[in-house]
Structure formats: C-alpha cells, structure tokens
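The chain below stands alone and is given as structure tokens, in the form predicted on its own.
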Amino acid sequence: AMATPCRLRLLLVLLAAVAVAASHPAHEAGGCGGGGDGTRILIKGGTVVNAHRAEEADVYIEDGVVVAVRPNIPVGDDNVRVIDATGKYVMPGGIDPHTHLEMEFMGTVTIDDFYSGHAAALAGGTTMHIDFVIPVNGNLTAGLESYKHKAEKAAMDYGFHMAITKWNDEVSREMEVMVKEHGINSFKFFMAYKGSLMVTDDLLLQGLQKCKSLGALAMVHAENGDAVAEGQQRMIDLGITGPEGHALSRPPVLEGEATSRAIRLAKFVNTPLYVVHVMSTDAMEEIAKAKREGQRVIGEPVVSGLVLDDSWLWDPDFATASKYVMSPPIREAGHNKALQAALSSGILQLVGTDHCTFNSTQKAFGSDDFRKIPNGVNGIEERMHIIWDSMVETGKITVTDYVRVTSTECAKIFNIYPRKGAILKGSDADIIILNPKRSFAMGTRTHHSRSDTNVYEGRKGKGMVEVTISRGRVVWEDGNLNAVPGAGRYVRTPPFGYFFDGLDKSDAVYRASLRAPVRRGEAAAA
C-alpha cells in the first residue's frame, strides 16, 4: 500500500530533474553542464541586489541553480553549507562583455588563456565573459574550432562574439551557421587596423544588413583606420617612436569620426549597433546624439578608459609607458570623468575591460617603434572592484546600477537574462558576496593574470569581493582560489534580443513614408 506514494514522489523528482536539465542544457564547447554535483548552499543575512531592487533576503542554491530568494529561509538538514553575509551585498557575478584570451595578435599571443584569465576573473568577482573569436584567414568555422579547443581549460562560463575580418558570400553563409547552429548572436567589425583586420564601408554595410536579417548584434571597433595609418606615419616622420606616439597618432577625433560613421550606417540599415571600448568624449557624444534621436545604440566603456589617463604614455621608462598602450588609446585627463558621467546617466550602458594582456617582454617588441607594441591592457580581475570604488563609493551610481552595468545589462543585451545577470529563482548560481567595508590593493604581486605588468599597479580602494560562487560552487573565499580547468561551460546567446523588438514596425513606417514610386506616365496621360 505504501508503494504508490513512493513511486509518485520518485516520478515527481524525476520530472523536476528533467525540467532543470531542459532549462540548463549542457553545451558543446565547455565540458560539463549544470551545477549538478549536489552542492547545497544557503547564503544568510545579506542584502540581495538585483538591477531592479535591493532587499534583505537569504539565497538558497541547489545543483548550481538558485532555488529560493526570500527572508529567513530555514537551514534544513546538515548537508547545507551556510554562508553568513550579514552586512554584505549578495549580487550576481560580473559578466565581462569584452575580452581577448589566448588571442593571436601583432605577431604574438595574449599571455592569459582560458584558465589563467578565468582564475583572474573569478578572484575579482566575474563569473562569465564573452570572448571574441578571431577567424582563421577570414574563415569563421576554422576560427570557432580553434577557440573551442582553447576553451577546453575554461574554469567558468563563457560565450563568444565573432569577429568579421573579410567579406564574401562564404562569410555571409557562415554567419548564418554561427547564429543558428552555434549560438553566437554578435559580430564585430574592425574599422581600424588597416592591412589586417579592418573592413571598408561597403563591407561594413553588407555586414550590418546580414546582422539585421539574422537578429544578430553588430559591434564596431570605431577608429578611422586610414587616418590612423596616416597619423602613425606622421609621428614616425617627426621622429616620435615611443609609446606617446601611439596616442598622438590616433587622437579622439578619429574615434569620434568612426563612431559617427558607424552610427549613421546602422541608421541607414535600421539595425542596432554596439560600440565597443568607448574611450573618448568625442565618441560618447556621438552615441548620446544618436540616442536622443531614438536610435538603438549601445555604448560600452572599459575600465581603463573610465579611471586612467594618458599621462603614463609619456613616462621616461619604456616598460612603464608601453604597458598602457591599447587601442583606442587611453585619453588625456577629462575624458575619463566625462565617460563616468555618461555611465552614471545611462548614455553608456555596461562596462567591459578589453582584457588583452601582454607581458613586458612582448611589449618590448616595439621598443624602437610604437607601431610594434602589442596593444592591450589587463582588467578582467580588477573591473568589479574598480567600478565599485570609483562609481558606487563616490555616489555616482547606486548599488542596483552597479549590478546593471557590471552584469544584468550584458545578460539582457546578449539575450541570456535571467539565466545570467540575476539572483532569481531558476537563475544560474553565479553569485558574489561583496563587503563594502573592506579595502583592496592591486598589483602584479597579488593578481592571478600571468602577466608581469598591471596598469592598476598600487591602486587601492574600498569594496572587496570576499566570496565568488560559480554555478553553485564556491571558487573564491578568504583569498583562496579553487578554479577548476574544464569546469566552465559554453553559454549560447540566442538571436533577436530585445534591441530588435519593433524594428519590423519602423521598417514598415519607413516604406510607407516614401511616397514612391511616383506613377508619372499614368499621371501625364490623365
């Protein structure tokens, strides 16, 4: 007589397990799926912060997923790990929308791979990132296969953007495959790096149209590559070969011009546009103008542009100056404050890092010619702390804004919310606990990057990530890192995110407004 209720209970458990598995499928590029190891965690007494509100609540996690968020959740049995978060903020882990791990660039390879980069990220409170797949000789499929292999050592969840470095019918077909079969919903076009990655306006236009048809987000690195090449030659002709020549050769006006051009071409096609690493007031103001006119443009500042200035590039020590070389360049003081204001007011929407690290030996490739200095700075480990200290501690943004710009907005833009970017029932348990009273100090002695340089060397501030939980596993606690190679999982980003809502209607309004073609022959005959 007792067998039937038992069977019923077992059936319900199995159905629940199937439902969880369906909502959290294993993904092809990342190894294991689900939290799935039976770990149960209760985070008690903290302030749970989502982008939409902050509340005093507990968080219960089971098998890598958030099961409940409410006050006073009872502990239950002995197999639950209880973490006391009293006086601390419990927030979604950071999502970095802009990284370059193990990327081949300028004759070398970035020093951080998918393990060391993830170790750095987790220690800094970032639990997911989206990296840029670089095609192999323009071939998207070959590029993706290469990056899948690189990501086998992933220690946390990750997604992919795809760079487009040339254009033909085959690339157009491959873009469709990337979206429909591989879960990539964003494509990046370089308007800079003439002779290597740069695409011309006609190719950019075709790319924008293809992105629109696929429901994929077009991203641009906005600098005028032709003018940069001229600027570089001008500096060499003037005998300026050091790192300062890098900034002087590609001034803000060239970033503003390319940003303006990309925005106008996207308006012509009527498709959303994402401008990566907005580094100057010039570019930011072009984005602000477009948004005032109702255009769908996303502006992404990066940490280096928000808090650093270009004075370091004039340092008499080459090793010091060269570590600050990135493109677009870090700008002179004033641009950073303007970018912070734009972030706080919503003109710019989310913060990336462009983490693209090279050690001092690699940077020395350009010791006699700034054009040969590999471009890139660190930031994947430092981002969450620096944004808290520079934006929240100064009152420029609220704690809910902080969650929005470091996590939620990224998840929404790339169409993985609320699975990522939130602490809600059913969300992946990617969670950090931040102590606002503790201080941090940054530098090469303590960071987890493989690089022997750090552009935030000696920086101190308030707000310390004390605990990082990645899909239900505690991976950072009390200064101890437990990042496991192969534990990371590839996260598909579906097409037609919220930025595409209503585009068909505005297209219809445009067609209706044309009042054409005019039937002149019939009018004349009448």
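Every value quoted in this text rests on a predicted model; they were computed, and no experiment measured them. Sequential numbering from 1, following the sequence displayed.
Absent from the display: the form predicted together with N-(aminocarbonyl)-beta-alanine (URP). The rest refers to it.
Participant: Is there a non-hydrogen atom of His448 within 4.5 angstroms of a non-hydrogen atom of N-(aminocarbonyl)-beta-alanine (URP) in the predicted bound form?
Facilitator: Because no heavy atom of His448 falls inside 4.5 Å of N-(aminocarbonyl)-beta-alanine (URP) in the predicted bound form, the answer is no.
Participant: At the 4.5 Å heavy atom threshold, is His277 in contact with N-(aminocarbonyl)-beta-alanine (URP) in the predicted bound form?
Facilitator: Residue-level check for His277: yes, a contact with N-(aminocarbonyl)-beta-alanine (URP).
Participant: Does His100 make contact with N-(aminocarbonyl)-beta-alanine (URP) in the predicted bound form, using a 4.5 Å heavy atom cut-off?
Facilitator: Result yes; His100 sits at the interface with N-(aminocarbonyl)-beta-alanine (URP) in the predicted bound form.
Participant: Gly376 near N-(aminocarbonyl)-beta-alanine (URP) in the predicted bound form, any heavy atom under 4.5 Å?
Facilitator: Within the cut-off, so yes.
Participant: Considering N-(aminocarbonyl)-beta-alanine (URP) in the predicted bound form, which of Phe190, Phe318, Tyr89, Tyr417 comes within 4.5 Å of it through any heavy atom?
Facilitator: Result of the distance check: Phe190.
Participant: Taking 4.5 Å between heavy atoms as the contact cutoff, choose which of Met326, Leu122, Ile386, Ile111 touches N-(aminocarbonyl)-beta-alanine (URP) in the predicted bound form.
Facilitator: Answer to the contact question: Met326.
Participant: Looking at 354-362, 395-403, 308-316, 266-274, which stretch has residues with any non-hydrogen atom within 4.5 Å of N-(aminocarbonyl)-beta-alanine (URP) in the predicted bound form?
Facilitator: Contact criterion met by 354-362 only.
Participant: Any residue of 209-244 with a heavy atom within 4.5 Å of N-(aminocarbonyl)-beta-alanine (URP) in the predicted bound form counts; write them all down in order.
Facilitator: Result: His221 alone.
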